Structures are given as C-alpha cells and as structure tokens.
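First, one chain by itself in structure tokens, the form predicted alone.
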C-alpha cells in the first residue's frame, strides 16, 4: 500500500461512499471537497476543528491532512475552562469549519459542495497530524502529538489483523475526537479504500439500520445491542464486530454471540500508542482478552523490580509498549514525555496486564484508581475534582469510577460541603466547565473523606 496516509482516498473511486449524518459523498467527491479545503489552508500550521459527527468534520479533517496541516480535534461539548486550556496550549492559527461563539480566532469555511483537484505532495512522515487531548489522572488534558508515521503504522497493523479491504463498509456511531472513532472509524476506510457509514448516535436501531461488514462500538453500545434481540439479529451478516475503549463484560460478549452468531473482537490502545494489541479476524476470541500485538509493535509486562513477568496467562505486570505507532510526545510537556518512557525507551501505559503463552493479552486495570472509563471515554478524576473544588460550597471531594452494567464505570463524586448545596447544582457546575460526559452520575455527601496517615484519600475505601 502507498505510504500516503489516505492512500485509498486518492484512487477517487465513485463506488466507495462515505456517509455522515445523512450526507453521502463518494471518495471522488470527498477528495474534491477536501482538496478545496487544502487549498484554503496554504500557509497554516495548525487548525482547531469542532469534531461534531458531521460531514463537515470529515471533509475538514481530510483536507487538513492532505495539506499537511496539524489538526486539534475539539470535543463539541467542551466546557469553557477545557476549551480555553486547549486553545491556549495548542495555539491553533484558526478554526476550520464551525467555531464556538466565544472564540476570537479566524474561521475558515468548509464547503462540502466545493471541488478542487489535488496532487499528492511530499509530507514528512514525522510531521504531526493530530494534537489529540487526553485526560490523565490529574490536571487538565495533555496534548498528544500523533505523527503521520504513527497513524499509518497503526492503521496498517489493523488492516493486517482484521483482513480489512476496500470491499469493507465500516459502520459506527463513535465520537470523532478520539482514536476509535476518528482514526479507526474515519481514516481507516480512507486509507484502505473502503466505505464508511457514521450513524450519528450509536443506538441499536441505528446500527441495525445499516448493512455493513465491520461494526465498531464501545461496550456501552454493545450492552444495549445485547438487550435488543430484534436489532442484534440484523448484524448476523457482518464480517467483524469490534469493541474497544474499555473492557467488554463477559455476559455482553456471550449474549451478542448468541444473538448475532459473532464473537466480538476486542482490541487495546490509547491516544499515546494508537491500537497496539488486537484480536485477529482469523484468531481465537475470548471474552476479556484483547488479542496480540499488531504488526511492528512489541509489548512486555514487568514487575515492580522491572523484571519480565511470566507469560502464563495469570502473572500480572505493568504493560509497556514500543513500536512505530507511538506518539511523538506531549505538547509543551517535555518532563511528562520523559517520565512516560523507561530508560530503554519503552512507553509506560499505566495499565497492568497478563499475557498467555500464545501472546494473548488481558488488561487487568490501571495502576492507579484515578482513570475512569465510562461509556468509552477515558476521564481523569483529578480534572473533575479540581472543577468541583472551584465551587464555593465544596470543601473537599474525591471522584471515583464504580462498576456500571451499562457504562462500564459511572462517575461518582464524594463531597464534603461547608455550605448547603444540591447534587444537581454540583453536577451542573461540572457540566458547565468540562465536557458533558465528565459530569458525575452520582454525588454522595459525606462528613469526611477516608485518609491514610499521610493525608492521602483512600479511594479504595470509597469504592467499597
């Protein structure tokens, strides 16, 4: 396959279609519209895109990639504090497409009906394609720098693992500001030369309403499909069902298999690594196991002493990764970048895992309890805590994720208040400052937080 990131799109076929929010463009028309965007970006270095699930987003992002311009995908539900942080940290030249009302940056229009010719130019493979903001366990989100090299390697690894071809039609309803929906779900079909249908909201009805060959979803969506037999049956003709962003519960795996005849293929990755481990289309699928390293990627699990942990399917160790899919660092955060790698240049994922004798991986969980995975989102507890502490009624707080059969984990905030305040008011406060999906699902008022002798909040006790 061509080294160009969007190799399949450059064939400009009219029988390969991209549908988003009810708008359909052939690859030829998408290339023409994106080519017009690329022309408008001459001289630009970096642009922000409000990553709504629309054709405008797909055309805008594609045009920026054709032009070699960096893209900052901004969650459309970003709160004011979050938005200010991203724009200050990334310092984009302009907004591409629609922009929030409060921005003062210039705006560059995206016209889905425009057409311009495009001649592929030489763009350094190490050139940054995306500045993708991701929440850690503390503080505001960090900007992950993803190069064209990393994106190409990551997609090619999945093309190999999943037998992905231009004859496939990918169906999903995932956000276009995360790796799963944006890189796999949107760029994947454009690299392999296949079709895409973004269904908007990822409901069982929406997935069942599209005849695709590959369906991408997070466990929350799969759990809802498992509860809708009439819609699940429509997926029987699919070639591959894929789940990611969080662990798929075993009962959901089994119920989907019963209803569709397919065992869901799980995979593992993060913003900093893209997808590094995946269940192969021709491999054995087991509930709770995420497969083997994709082509070019190496993994290892190590103990507290740094020594390798046995690949016996039971011994737990810290998961570390290296390979061409890794990010190029955190924007403006050289110290954080350095700390994320070992002395021999393996990336510390922060997850703990087991590996069996055949190389299959099972993710056990985080080293810390502060990274919450809810409805496919990775959410930092510290960011929510900082926001809650900004409310005048909050004296202390601690945020955790607790198991939820639908969301995977739901966000629960434990709050010590020094003046009267309602749970609804605090939830609304978080929603105004941060993304909507970061609002606590539950607020528990307590007289004090459990702490150890060093004063650290004991979150495991809260979880119990």
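Keep in mind that what you see is a predicted model, and the values were worked out from it rather than measured. Positions refer to the first chain, counted from 1.
Heads up, the form predicted in complex with ligand AMP isn't pictured, but that's what we're talking about next.
The shortest heavy atom separation between residue 268 and ligand AMP in the model of the complex is within 4.5 Å. Contact annotation for residue 383: none of its heavy atoms lies within 4.5 Å of ligand AMP in the model of the complex.
In the model of the complex, residue 127 stays away from ligand AMP, with no heavy atom inside 4.5 Å. Ligand AMP is not shown here, and in the model of the complex it never comes within 4.5 Å of any heavy atom of residue 328. Stretch-level contact check against ligand AMP in the model of the complex with heavy atoms at 4.5 Å: of 294-302, 92-100, 152-160, 237-245, the positive one is 237-245. Proximity to ligand AMP in the model of the complex, taken as a non-hydrogen atom within 4.5 angstroms, holds for one residue of 263, 205, 351, 227, which is 351. This chain is drawn without ligand AMP; in the model of the complex, the residue among 363, 81, 140, 281 with a heavy atom within 4.5 Å of it is 363. Along 290-316, a single residue, 290, places a heavy atom within 4.5 Å of ligand AMP in the model of the complex.
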